[in-house]
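Here you get one chain, nothing else, as structure tokens; it is the form predicted alone.
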């Protein structure tokens, strides 16, 4: 099964060419979109996703949903990448080292339970 727009966006991130959608007023959103969710503008352009983001909130999951049973325990986070916020699973960083403001890069990983692709955050290279 494909999720048109989202699958292409994940592929772009995996290729190091992540992007977000911007309207003429500078609002950012994530695909798939046909109009800006903030102002309704129909003219959207693809803009490069910043190389790093900052963790805004996170939680360590010990009792996962069935689709993440083989991942637990794991940390899921919301990180700000310029005008957009992404949600992903934190990898390559122990849970006790994740904190508000942690600088991360975005990539694509695989869910150990479902083998589906998902957004992952890793510690940003200094």
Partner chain sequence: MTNVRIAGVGLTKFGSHPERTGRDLFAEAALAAREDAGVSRDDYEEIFYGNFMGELAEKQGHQGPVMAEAAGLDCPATRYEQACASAGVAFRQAVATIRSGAADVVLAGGMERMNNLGTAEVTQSLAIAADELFEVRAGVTFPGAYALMARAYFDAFGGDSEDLAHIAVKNHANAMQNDYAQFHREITVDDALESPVVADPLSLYDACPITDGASAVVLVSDDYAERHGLDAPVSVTGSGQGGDKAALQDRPHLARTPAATKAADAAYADAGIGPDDVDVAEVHDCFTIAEVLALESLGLYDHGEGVGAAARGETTRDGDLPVNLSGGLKAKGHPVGATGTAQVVEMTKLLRGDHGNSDAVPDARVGVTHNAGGTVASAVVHVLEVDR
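Numbering follows the first chain given and starts at 1. Just so it is clear, the model here is predicted, and its values are computed rather than measured.
Same protein, other form: the form predicted in complex with the partner chain, not shown, and the subject of what follows.
**Student:** State yes or no: in the predicted complex, is some non-hydrogen atom of residue 118 no more than 4.5 angstroms from a non-hydrogen atom of the partner chain?
**Tutor:** Residue 118: contacts the partner chain in the predicted complex.
**Student:** Does any heavy atom of residue 82 come within 4.5 Å of a heavy atom of the partner chain in the predicted complex?
**Tutor:** Looking in the predicted complex, residue contacts with the partner chain do not include residue 82, since no heavy atom lies within 4.5 Å.
**Student:** Should residue 20 be counted as a contact of the partner chain in the predicted complex, where contact means heavy atoms within 4.5 Å?
**Tutor:** Although the partner chain is absent here, residue 20 would stay clear of it in the predicted complex, with no heavy atoms inside 4.5 Å.
**Student:** Using a 4.5 angstroms cut-off on non-hydrogen atoms, would residue 100 count as touching the partner chain in the predicted complex?
**Tutor:** Yes.
**Student:** What residues in 61-76 sit within 4.5 Å of the partner chain in the predicted complex, counting heavy atoms only?
**Tutor:** Those in contact are 61, 62, 63, 64, 65, 66, 67, 68, 74, 76.
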